[in-house]
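Below you will find one chain, with nothing else, as C-alpha cells; this is the form predicted alone, and questions on how it binds or moves follow later.
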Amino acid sequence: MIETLRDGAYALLLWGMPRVNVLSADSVRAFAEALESALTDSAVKGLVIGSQNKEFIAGADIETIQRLMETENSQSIFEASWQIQSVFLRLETGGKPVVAAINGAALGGGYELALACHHRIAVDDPRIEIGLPETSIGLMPGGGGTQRLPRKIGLMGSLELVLEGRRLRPQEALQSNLIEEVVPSQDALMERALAWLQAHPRASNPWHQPDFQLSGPRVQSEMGRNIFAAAIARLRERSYGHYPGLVHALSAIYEGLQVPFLQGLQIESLYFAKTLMTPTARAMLKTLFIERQRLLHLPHRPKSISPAPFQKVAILGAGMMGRAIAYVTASAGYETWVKDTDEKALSYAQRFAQDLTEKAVRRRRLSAAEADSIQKRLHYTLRYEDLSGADLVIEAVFESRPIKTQVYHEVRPYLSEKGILASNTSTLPITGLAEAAGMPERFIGLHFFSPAERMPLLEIILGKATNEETLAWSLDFAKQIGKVPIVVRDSRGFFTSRVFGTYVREGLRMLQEGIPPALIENLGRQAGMPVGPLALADEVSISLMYSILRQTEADLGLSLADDPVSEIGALFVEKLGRSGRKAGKGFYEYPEGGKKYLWPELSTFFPTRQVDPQAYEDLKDRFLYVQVAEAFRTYQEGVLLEKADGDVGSILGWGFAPFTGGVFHFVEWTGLERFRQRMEYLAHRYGERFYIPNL
C-alpha cells in the first residue's frame, strides 16, 4: 500500500493502492507507520511523498465517506478528521524536509497532504487536477486545507479556491502558488525532488514560525473585513443559504486565521464534523460522490459482452449539438466524421472545434500536440460514402420524425457489419425511431446535454428491441468519452426531458397566472435551480418545445391545449417570431456584446399582478415538487432502472437543486411526513400534476 524506497540519504514513500490512491483508515494508518519509520531513522535526511499509480492521491475513499455518513455521533467524525490532521502535522513538524512529487490528480485530502509538505512539484501534464473540491459536493476540507492554504497564498486566493471548489491544472496551480515547481516529465519529477531536498536540509513551513505573518491583509484589518463581507454576500447570492458546507468552510478560515495554527486545525475538524452531520452534505455526498462513482463503474452493463470495438464514429448533423458531440468524441480518441448537407454548417463546426482547442491550449489544459491530434481526428463531409465502415453513427438532426427516418435509411448502407445507430433525440420515442430505421436490435438513444462538451451526463435509452451488445457497447462508449451514463427504458421524453420540462412549464404557467417575470426567474433560482425557467426555455428554444408539442399531438392524435407551451409557443413562434436565445430574442433580449435582459413587452401579453410575499414559498415549492412528482411517475412506469440513477441524472443533467441530493432523495431530505403533507397541499390547490400515486 505504501512502499518505502531509499535513494541514498532520502526515503521515498510511494503510494500504490490496488485500484486508486485514496485516504482510508487503512491507507492513513499505513502511511503514518511508514512516515514514522522514516522520521525516526537517523540515516534519513529527507523524504519524498510520491505515487506508483497514475494519480497522486485522489481524496477520501467511498467506504470511509459512507461509514462517516452512517454515524450520528459528531465526535466520531471529528476524531476521524483529527486522525488525518495529526498525521499531516507529524509530517510537517518531524524535523526533516518533505517534498510532494505530484504525478497525477492531487485533490481534497490528497492536496491537503501535499500542503503539509515543505515543497510541491508537479508534472506539467494538463490532465492533472490539483485543488480542494470538497465544497462542490456539499462537504468542506477536513485535512488542514482551510488553514494551510490561506497561510500559504493569502485570503483572497484561498477563499476563491475553497468556496468554489476549483480544480487547477499544474500551470494554473503554479501561477496561483498552490505548487512551487512544474517539471516536463515523470522522469524529471523524482530527480528534481531529490535535488530540492539536498538544497534545503532544514526546510519547514513558515506558519510554524513564531513571527509568521499572513501575506496580504489580515482577517481583522479593514481590507480583511471587507473581503469577508464580500465573500458572505457572494455566498448568499450564489447559494441562497442552501449549502451549509460553504458557510462552515468560510467560518473555519475566518476563525482559524485568528488563533495559533494548531488551534486552527482543531476548528477546521469541528466544522468538518458539523458539516457532515447536515442533511445537505449527506444528500450531496450520497448522490454526487457515492452514486456517481457507482455509475462510472457501469452497473447496468451486461457482463458477458466483450468490449466495444469502436474505432470510427460518425455524427449526422453539424448543428449546435452535433458539432459538440463530434468534439467530445474526437477528444476521446475516436476517428470522427461529421456529415451535413450544408457546407456552411460544416465550416461552423470546424471553427467550433478550433476555438475550443485553441482556448484549451491557452489555458494549458491541452498541449499543442494534443490539440493538433484532436483536429486531425475530426473530418467534415457532405458525402455519406466517407462514413463507410462507421462503428457508431449518432444522429443529431432536427426533432422531426420524417427527417430522422430519411437520414437513417441514407446512412444504413455505410455502417460496419456490427455498427450501431443512435439518436440524440431528447423526446421522440426510441422504439418508433428504431423501427423506422429498420434495425431495432442495433438502435439506441444517446441523449447528450447542452453544451455537450461540458455537461457530464449521457442518458442512454433502450428501445423495446435493443439488444445487450448494443447496450454494453454504448456504455463502453460513454465511459471512453468521460460521461456519466444513466440507462432508461423508452418513453416519450424518457426521464430527463420529461421531468425537467415540468420546471419550464411551471414557470410558463406562472407567467399565464400574472406572476411578474422577474419574480418567476428569481424564485426559480432561490428554489435551487441554476437558472430561471424562462431563461431555460430560451436556451432550449421555444420553437423546439413548440415543435415537440405539435409532434406529440400528431403522434397521439389528441390536443394538448392545456399545456402552457401550446398557447405561449403559438404566440412567440408563430406571431412574434421570438424563438429563443439562438434567434437573439425570446423571453429575454440578447443584445450583441451586452448582457441579456427580460423582454420589456412581456407584460403587454401577460399582465402582471401583485404577489403577496407570503406566497413566495408556495411558488418556490411548485418548482421543485412538480419535478419530484413527475420523477416518481417515470419510476413507477418503469422508465428508470433505479431511483439513485435518477438522482444523479437530475443534478448532472439539468441542475435540480443539488443540496437535496436529487429528485428522489428530495423526499428523504425533506422528511417523508412533511413531504407528503406539502405535496397533498400543492395537489389540492394547484392541480393533479403534483399528485404521486402509491408514494
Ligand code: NAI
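Between two forms, the rigid core is the largest collection of C-alphas that superpose within 1.5 Å. Numbers follow the displayed sequence, beginning with 1. None of these values were measured; they are calculated from a predicted model.
One more form of this protein exists, namely the form predicted together with the named molecule; it is left out here, but the text below deals with it.
- Checking Ser269, Asn103, Thr425, Thr287 for any heavy atom within 4.5 Å of the named molecule in the predicted complex turns up a single hit: Thr425.
- Proximity to the named molecule in the predicted complex, defined as a heavy atom within 4.5 Å, holds among Val407, Leu536, Val123, Ala203 only for Val407.
- Against the named molecule in the predicted complex, the set Gly322, Ile403 and Ser450 is in full contact: each member has a heavy atom within 4.5 Å.
- Using a 4.5 Å cutoff between non-hydrogen atoms, Glu399 counts as a contact of the named molecule in the predicted complex.
- A residue is said to contact a partner when one of its heavy atoms sits within 4.5 Å of a partner heavy atom; Gly144 fails this definition for the named molecule in the predicted complex, lying far away.
- The closest non-hydrogen atom of Lys582 lies within 4.5 Å of the named molecule in the predicted complex.
- Although the partner is absent here, Leu214 lies well away from the named molecule in the predicted complex, with no heavy atom inside 4.5 Å.
- Stretch-level contact analysis of 390 to 398, 583 to 591, 521 to 529, 464 to 472 against the named molecule in the predicted complex, using heavy atoms and a 4.5 Å limit, identifies 390 to 398.
- For Leu544, a C-alpha deviation of 2 angstroms or more is recorded between the shown form and the other one after rigid-core alignment.
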